[in-house]
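Take a look at this single chain, the form predicted alone, given in structure tokens.
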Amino acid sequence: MEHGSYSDLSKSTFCLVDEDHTFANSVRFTLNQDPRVTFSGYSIPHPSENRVNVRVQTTGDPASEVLKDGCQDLMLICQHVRSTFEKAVNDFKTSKTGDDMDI
């Protein structure tokens, strides 16, 4: 759900359900790397509620589009980390002989 002004689309707060610090802090970090973002932050209204509020303020682009781009960038980062990790594991396994591995 988006809470914002219809007159200024560059500032909005998004309520994301079933999310926590893990996603919110990651997307905040990604948003802060974007030069279009002047402010991004998040809050969790109550520890027992499984939702976060993400605030995005931009230099003029619609906040919803910038948040969408930030989520896509985060997805690409996660894919890169996963593929790098899987390659390192495979390289390690192929570099060791069967006797050297304690599995």
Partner chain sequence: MSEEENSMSEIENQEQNGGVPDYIMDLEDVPSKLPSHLQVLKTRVICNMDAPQHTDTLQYSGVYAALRVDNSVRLDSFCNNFKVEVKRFTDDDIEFDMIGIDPAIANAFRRILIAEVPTMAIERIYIANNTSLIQDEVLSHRLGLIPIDADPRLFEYPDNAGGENNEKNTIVFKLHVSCKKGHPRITVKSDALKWLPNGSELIADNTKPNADSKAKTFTSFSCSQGSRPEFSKKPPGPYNLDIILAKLGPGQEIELEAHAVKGVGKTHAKWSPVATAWYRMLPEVILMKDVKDDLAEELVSKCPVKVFDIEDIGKGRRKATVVNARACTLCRECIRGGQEWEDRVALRRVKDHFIFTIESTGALPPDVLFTEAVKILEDKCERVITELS
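The shown structure was predicted, so the numbers you read here are calculated from the model rather than taken from an experiment. Positions refer to the first chain, counted from 1.
Beyond what is shown, the protein has a form predicted together with its partner chain; the following relates to that form.
Contact annotation: R55 falls outside 4.5 Å of its partner chain in the predicted bound form, judged by heavy atom distances. Remark: Q72 counts among the residues lining its partner chain in the predicted bound form, judged by a heavy atom distance of 4.5 Å or less. The closest heavy atom approach of R51 to its partner chain in the predicted bound form falls outside 4.5 Å. Among residues of the shown chain, P47 is not one whose heavy atoms approach its partner chain to within 4.5 Å in the predicted bound form. Scanning 10-24 for heavy atoms within 4.5 Å of its partner chain in the predicted bound form gives F14, L16, V17, D18, E19, D20, H21, T22, F23 in sequence order.
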